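What follows is a single chain, given as structure tokens, in the form predicted on its own.
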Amino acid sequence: MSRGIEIKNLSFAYDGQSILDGIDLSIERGAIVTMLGPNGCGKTTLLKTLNGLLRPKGGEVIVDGRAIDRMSPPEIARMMGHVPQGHRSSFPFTVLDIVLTGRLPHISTFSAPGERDEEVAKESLDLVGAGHLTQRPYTQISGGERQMVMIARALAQEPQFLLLDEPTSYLDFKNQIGVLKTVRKIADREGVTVIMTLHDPNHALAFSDHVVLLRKLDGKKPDGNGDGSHPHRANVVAFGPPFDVMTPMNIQEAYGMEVELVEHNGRRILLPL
């Protein structure tokens, strides 16, 4: 595919311990793709390989027809906005100053942000519903507001792809839904491809176009006799539309727990048994 992201036979290991193996995915432009799975299954690691923060052990990531490992960091930053988990700042920068740092990939060395940069930063804040926070100290706003500001900072990069690592972490229920609705709006209105990691399967059902359901590697490979009694399973359990992927059988495979799928007023909800 010429537009979007292709992940080809990707593998990754920390200190010799395999975390990712056999990842093959094609992500279309303009969709919301959620990575879901248990702790330790490699969601954050996979996200970081997409924008070059981590170099895979094997395989490759191709973005709009170009291998990510052949792009410079500024090129990647102009293409991909990244919101990591749990951003903190101990300095009382204003919200606008924080968002303006997202313009750095577009500003030449030793130059200061100009009118265009400030305009883009303010538009990004308005898009996430945080325009009223422009002059507030970042250290004096709520957790939900901080998350919106960090998404605005990533949007100020004017990216084609937005990578969000657990954007609802540490937020109450109302703010979780608020963030996810904002993400949906960004994808629909701006045409930005969103790739995010989540913990809640029901959030993935409600707000995703596609879901990548992952499991932890079991670390086992076929034994020396070749009888396959210890199969080495790759990470991806299923990839596709949420209702096709989030089945009780697939959830059992990924999490090792039983669930039932309940339908209410046309919406589907996963409940543990």
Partner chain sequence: MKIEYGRRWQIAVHNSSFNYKGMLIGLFLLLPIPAFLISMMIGTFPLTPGEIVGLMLARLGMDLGYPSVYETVIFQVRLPRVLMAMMVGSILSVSGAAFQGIFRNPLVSPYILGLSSGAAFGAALSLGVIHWLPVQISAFLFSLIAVGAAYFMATTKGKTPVVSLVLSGVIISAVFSALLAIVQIAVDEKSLQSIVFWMMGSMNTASWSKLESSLPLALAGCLGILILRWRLNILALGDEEALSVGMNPEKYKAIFVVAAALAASSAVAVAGIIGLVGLIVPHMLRMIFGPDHRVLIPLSITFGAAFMVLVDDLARAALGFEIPVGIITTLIGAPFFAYLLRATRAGGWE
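Positions refer to the first chain, counted from 1. All values reported here derive from a predicted model rather than from experimental measurement.
Note that the form predicted in complex with the partner chain isn't included here; everything after this is about it.
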item: Listed residue that, although the partner chain is not shown, lies within 4.5 Å of it in the model of the complex (heavy atoms), from Leu125, Leu198, Met150, Leu162; value: Met150
item: Interface residue in the model of the complex among Gly191, Gly143, Gly131, Pro73, criterion: non-hydrogen atom within 4.5 angstroms of the partner chain; value: Pro73
item: The partner chain contact in the model of the complex: Lys181, any heavy atom under 4.5 Å; value: no
item: Contact flag, Phe173 vs the partner chain in the model of the complex, heavy atom cut 4.5 Å; value: no
item: Non-hydrogen atom contact Glu263 with the partner chain in the model of the complex at 4.5 angstroms; value: no
item: Heavy atom of Leu53 within 4.5 Å of the partner chain in the model of the complex; value: yes
item: Complete contact of Leu10, Ala13 and Gly42 with the partner chain in the model of the complex (any heavy atom, 4.5 Å); value: no
